[in-house]
Structures are given as C-alpha cells and as structure tokens.
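For reference, the chain that follows is the form predicted alone, supplied as structure tokens.
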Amino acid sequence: MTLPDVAVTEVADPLAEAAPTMELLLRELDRRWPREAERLHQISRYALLPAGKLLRPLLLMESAEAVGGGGPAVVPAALSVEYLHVGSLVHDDVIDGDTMRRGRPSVAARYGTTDAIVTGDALMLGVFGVLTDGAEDAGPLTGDSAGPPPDRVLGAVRVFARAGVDLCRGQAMEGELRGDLGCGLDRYLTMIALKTGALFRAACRGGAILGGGSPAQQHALTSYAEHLGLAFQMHDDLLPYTSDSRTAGKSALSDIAAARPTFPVLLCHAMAGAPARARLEAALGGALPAADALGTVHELLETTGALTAARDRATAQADRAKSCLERLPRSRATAVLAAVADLSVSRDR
C-alpha cells in the first residue's frame, strides 16, 4: 500500500489518524480471544483485555506503512508483539511480586503464581504461530494473498526471536542491578535498551521487514525504536513521582519496595552531595517503610534537580527518535510515529 508524500506538519492530529488502526487491532484481538473458552484461554484473555496502550502493535503497523506496506496483512504480526509484551508483563509481576497491573489485580494476584507462569509462557510461545499466520498462502515474491511473503515473515521471526532473548537478558540484568545504586547510568541504560527496547525494536524493524522496506529504511526505523525505547522507559521511571497509582495503574511503591535503581534515582545518586546520597541509600536500603522511603526519594529528586534532569534527558531521546524519521518519506505513518515519540514523554501512565 503506497502512501502519498504528505508533510508531517500537514497532519493535524496524527494520533487521531491512528484511531482506525487501533480499532482494527482491538476488534481482531477481541475476536481471537472469545470469552467462552478453556481456562488457559480465559486467563490469557484477562491478561490481554481490556487492552493496554497497544503501542507496540501500533508501531509495527505504522512502520510497515511507512515503508509502503502494512494494512490488514500485518495485523497478526502486530498482535504477536503484544502477546510477547503481555506475556513478559505477566512474568514480571510474578518476579516482582506485584499485585496490580493496569489498575486491577495482576494475573498472579487473581489466578495464582502457577497459572500466571503458564499463561506468560503460552502467550510468548504462541507468538510464532500467530506471526506466521497466512505465510504459507503467500507467493514467494508478492504478498497479495493472506499474509506477507514467506521470506519477509522469516526475517520478522528472526527479529522477534532475538527480541525475546534480549528481553530475558534485560530481565536478568535488572536483577543483577537491584539494590546497587553505584551501578552507574551506563549499565542501567544497557539494561533498559534490552528489557524495554527489545520489543520496540522488534515492532519497528519487524514492521519495516514485513512492509518490504529497504535496508536503509529498516535501519532508520530500528534507530527510531532504540531512542524511543530509552525515552519511554526513562519517562516510565518518573511516573511514581509524577502520577498517582490509580493513574499509573500500578503501585508507586513497587520500584522502592523492589530496590530497583531507576533512571531518576541513579541521576540523583550521581548529582547529590554526600549527605543527600546517604539519605537516598538509606531510603532504598530498607531502613524506612516503603511509603516514607518514597517521600524521601521524591524530596531528594526535587532538591538535587534530578527530576528535571531526568525529564530533559527523556525528552532528548524522544527528539532523537523523531530525527531518525527524517530518513523516510514523509507520510501519515511517519507523522503518527513522531507523535508516539512525543506521547512517550508526556503520558501519565
């Protein structure tokens, strides 16, 4: 599907332009997971629906369209990245002991740890079956039938497999960094580039491959995704200090209780003088009740300027993401991708 060369500034509301795509994804997600089914299916539906932001599926759809492909043929691939994402969240909540997800009980809290682990496994293992939907019906050179050409699907499978491994590497590294305020920003950024960035890269690069993008276009969208992933997670780390738990959909105490060295906290540790650093270490070392620790950390983030610095760095990454889109033909799709970068550092959940 070829799009007209439309200047980004000519699209008045890019996110509104994405609404039909989001509606298509939601309809197909609901269709694939009917309410009446066996237990594992029901738990999977609970994890998937009501849907979250569907950001990663949207990225895949718009990346495919940005290189001249996309449309209904890539919907299964777009949903498959959501399954990988949600499966990883189900496992995260088990690992972290979190009882809330998207403003309601997590899968583990509602159904128990065993069913949560199995559900996360099923969602992630099911990715490749969904990703290859229709590939056997497509010709070797064109994607005129049910799905994209098999060679493109194989390329996307490789990207998704790599993303799954990178996600696990990031999770393991997060555990290694837990409680270590001296780990440094470089190691932290490596960790989030793996744990959070993996699925952003999979969505954008996978979409570019499925849409028939050139190597240069694939590289541009991969670079966009890498900066977007950093911006998204940097901003996500700010939410406990800028949003209440109802808005964020998850307890603001989670990072504190788990002693996770998040981006603004590590900036604070680097910027603080010795007395403030000692208070920060005490707050995150279990010396205070979690609620008191959160208040102390918030105060230190404000007084050291770390909160402002973290916002600025997140915004800078979003701007770098948008600059990568300049290597692509301007279109409605690139306008949507640029708007997603802006949204990643302005959202409240």
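Numbers follow the displayed sequence, beginning with 1. Here the structure is a predicted model, which means the values were calculated and not measured.
Another form exists, predicted in complex with another copy of the chain; not displayed. Remarks below refer to it.
Q: Within 4.5 Å of another copy of the chain in the predicted complex, counting heavy atoms only, one of 104-112, 170-178, 201-209, 257-265 shows up; tell me which.
A: Answer to the contact question: 170-178.
Q) If you check A225, V74, L84, A231 against another copy of the chain in the predicted complex, which one has a heavy atom within 4.5 Å? A) Looking at the other structure, the residue within range turns out to be L84.
Q.
Under a 4.5 angstroms heavy atom criterion, identify the one residue in L79, L238, A272, M124 near another copy of the chain in the predicted complex.
A. Contact residue from the list: M124.
Q) Looking in the predicted complex, is another copy of the chain within 4.5 Å of a heavy atom from each of V118, A161 and G164? A) Checking in the predicted complex: V118, A161 and G164 are all within 4.5 Å of another copy of the chain.
Q) Wondering, does V157 line up within 4.5 Å of another copy of the chain in the predicted complex on heavy atoms? A) Yes, V157 sits close enough to another copy of the chain in the predicted complex that at least one of its heavy atoms falls within 4.5 Å.
Q: May I ask you to check whether H91 falls inside a 4.5 Å heavy atom distance of another copy of the chain in the predicted complex?
A: Output for H91 is yes: heavy atoms within 4.5 Å of another copy of the chain.
Q: Verify the contact flag for R39: yes if a non-hydrogen atom of it lies within 4.5 Å of a non-hydrogen atom of another copy of the chain in the predicted complex, no if not.
A: Yes, R39 is a contact residue.
Q: Determine whether any heavy atom of A216 comes within 4.5 Å of a heavy atom of another copy of the chain in the predicted complex, and answer yes or no.
A: No - in the predicted complex, heavy atoms of A216 and another copy of the chain never come within 4.5 Å of each other.
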